[in-house]
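Here's a solo chain for you in structure tokens, the form predicted on its own.
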């Protein structure tokens, strides 16, 4: 199979403006991947499937990743003016404004995002996997990514699972609805900041920690009524 760099070059030659980025994997497996710009993802996917030298005709799985907001601290050197007392003539003291270079720590927050990850193989050419990634703008109100179901039908159920557990909205999906959780369920259980509810009354055989949490919830409810 071609390297990810060679596949990147082939994509960019076939899909102008595709905006493909190589994501390096520093682990011993060195399974590097390609991050796609959502705007060109469908065109890139069709090329990867139809190109005779690549022929990625099989999508094995789709999964999600939740990237939380990250605070980044950087040390920067800045110049500021300070007043110093210096010796003057005949033993006098003078105040003088001078430039001084100091090091400051500045912090900023890098917004989080949600990511969909696809693993591709070629059954025809017996090579793979090729790992594709797409990221949303953020993890709050801009969580749309294009569905790749029109290219690989195997994405249909797996994108539904990612939607259900992570909240990525796959535009163009033929039947985007929950597949594991019930329709009335709130939130997305695989997100890193997901908080489990303390009400497990729906659990017919509550036990251990689940039973304790349900009992505490009922006690609080009873106390609020008294």
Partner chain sequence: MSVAETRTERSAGWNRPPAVEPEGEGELLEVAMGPHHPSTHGVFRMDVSLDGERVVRLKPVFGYLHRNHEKIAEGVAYLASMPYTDRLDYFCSLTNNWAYALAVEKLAGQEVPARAEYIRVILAELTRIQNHASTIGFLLQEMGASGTPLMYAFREREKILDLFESLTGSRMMCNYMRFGGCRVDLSSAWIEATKKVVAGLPAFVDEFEALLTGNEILMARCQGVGVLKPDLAVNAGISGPMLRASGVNYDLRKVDHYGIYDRFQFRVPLGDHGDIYDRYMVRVLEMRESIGILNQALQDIPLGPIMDAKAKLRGFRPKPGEAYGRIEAPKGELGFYLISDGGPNPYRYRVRPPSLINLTVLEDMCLGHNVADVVLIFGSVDIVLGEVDR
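What you see is a predicted model, and the numbers here were worked out from it, not measured in a lab. Positions refer to the first chain, counted from 1.
Below, we refer to the form predicted together with its partner chain, which is not included among the displayed structures.
Enquirer: Check residue 26 for me: does it contact its partner chain in the predicted bound form (non-hydrogen atoms, 4.5 angstroms)?
Expert: Contact check for residue 26: yes, within 4.5 Å of its partner chain in the predicted bound form.
Enquirer: Using 4.5 Å between non-hydrogen atoms, is residue 122 touching its partner chain in the predicted bound form?
Expert: Answer yes; at least one heavy atom of residue 122 falls within 4.5 Å of its partner chain in the predicted bound form.
Enquirer: With the partner left out here, check for me: in the predicted bound form, does some heavy atom of residue 167 sit within 4.5 Å of its partner chain?
Expert: Output for residue 167 is no: heavy atoms all beyond 4.5 Å of its partner chain.
Enquirer: Looking in the predicted bound form, any heavy atom of residue 39 within 4.5 Å of its partner chain?
Expert: Judged by the heavy-atom cut-off of 4.5 Å, residue 39 is well away from its partner chain in the predicted bound form.
Enquirer: Who in 44 to 74 is close to its partner chain in the predicted bound form, meaning a heavy atom within 4.5 Å?
Expert: Those in contact are 49, 57, 58, 59, 60, 61, 62, 63, 64, 65, 66, 67, 68.
Enquirer: Given a change of 3 Å or more, say if the Cα atoms of residue 213 and residue 184 sit closer or farther in the predicted bound form than in this form.
Expert: Residues separate in the predicted bound form, at least 3 Å farther apart.
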